[in-house]
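Before any questions on binding or motion, here is one chain by itself as structure tokens, the form predicted on its own.
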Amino acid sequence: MQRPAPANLPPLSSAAQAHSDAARAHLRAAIAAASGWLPFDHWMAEALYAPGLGYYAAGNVKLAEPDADGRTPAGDFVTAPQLTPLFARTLARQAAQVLRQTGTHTVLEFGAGTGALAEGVLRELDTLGLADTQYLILEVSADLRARQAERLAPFGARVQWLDALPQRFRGCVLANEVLDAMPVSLFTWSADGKVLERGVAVDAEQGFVWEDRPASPRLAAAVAARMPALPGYVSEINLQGEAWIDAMGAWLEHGAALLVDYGFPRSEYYHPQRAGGTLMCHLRHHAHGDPFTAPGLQDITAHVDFTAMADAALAAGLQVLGYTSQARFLMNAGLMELLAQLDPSDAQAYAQAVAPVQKLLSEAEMGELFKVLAVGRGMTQPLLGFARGDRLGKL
């Protein structure tokens, strides 16, 4: 029997329910193949990326954009590039500085969503005199890749898609809300101060249930190095994200990577009051905390420990170039200058353009929750996005 879904979630169509039922069957089979217990990072990977069934691989509509009337259509969440083209144009200004400083002509974006960020960055780079920039995209979702190809068709051969990480790269890397979608390990502290790994099992009624087992020596050591033993404390650790940055140390020869995501430095991430962790799910613009609801149809994310990502960069031989809030980064990189170019004579159009910018900058919304971390190699000049309000000292 399936557990009751969290309250106030939208009803599923029969087709959506059938897809989720198929995803459940796949996940049950994966658990059975693992002798009845699957570590959560493996379960999350299957729920998100299983071919034809996982959330990012099944062809569902995932990212929403406001329509002409300002309403939000079907989808699960809205990212900054969908809110306003000014986000992409501002990010392009920072990318332009990286390209000029390194004498390179290539941008690589991970997880390009609907293609809105790529489109905005390319158009702004054109206005900045960098029309020779090539744009590479690494996208795991076939559905989103098709949407990107349609949207970016006007740029022709300047846009290309990769099927794997590059062996070497020189230029600017963009990753907007990429780290939060990587499968995370869940852990908890036992009453006697031991680290337990949280996994998923199947109960007698074929429902998914949590089950804790002793953590591997690697996981236990990683957790113990980051926080004190707090019995009953539950949280996440993104070892896959750290491995991704470690790999970047091998292929990023010259340039910088701009990592934009929601998260905290370690002192805040593993704060004693954040005892339930940060795991979050998104289904049709409803956020809740149950990953077992509607597998295959909902996104599953966790906030980013930016201290861990900076440490991984340093260990990989990369520079840590800056860390600050999204609001501060955008203002440093020229968002207010772009906003000043808007024509205020059309009050309605001006208000529609300004409203999403307030969401990007507001401390109560995306401005403070989202952070920007820049890492790189061979960069000799400070990045303009961190000119004021750099928080490297808090990592």
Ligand SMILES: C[S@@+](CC[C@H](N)C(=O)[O-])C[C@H]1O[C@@H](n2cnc3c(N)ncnc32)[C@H](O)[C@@H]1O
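Computed from a predicted model, the values in this text were never measured in an experiment. All residue numbers are counted from 1 along the displayed sequence.
We do not show the form predicted in complex with the named molecule, though everything after this point is about it.
Heavy atoms within 4.5 Å of the named molecule in the predicted bound form are found in exactly one of 177 to 185, 213 to 221, 88 to 96, 230 to 238, that being 177 to 185. Between the named molecule and the residues 310, 138, 279, 196, the one pair within 4.5 Å by heavy atoms in the predicted bound form involves 138. When the named molecule is considered in the predicted bound form, only one residue from 79, 102, 106, 293 comes within 4.5 Å through any heavy atom, namely 79. The named molecule in the predicted bound form comes within 4.5 Å of no heavy atom belonging to residue 121. Among residues of the shown chain, residue 169 is not one whose heavy atoms approach the named molecule to within 4.5 Å in the predicted bound form. Although the partner is absent here, residue 49 is a contact residue: one of its heavy atoms lies within 4.5 angstroms of the named molecule in the predicted bound form. Among heavy atoms of residue 144, some come within 4.5 Å of the named molecule in the predicted bound form. Of all the residues from 105 to 120, those having a non-hydrogen atom no more than 4.5 Å from the named molecule in the predicted bound form are 109, 110, 111, 112, 113.
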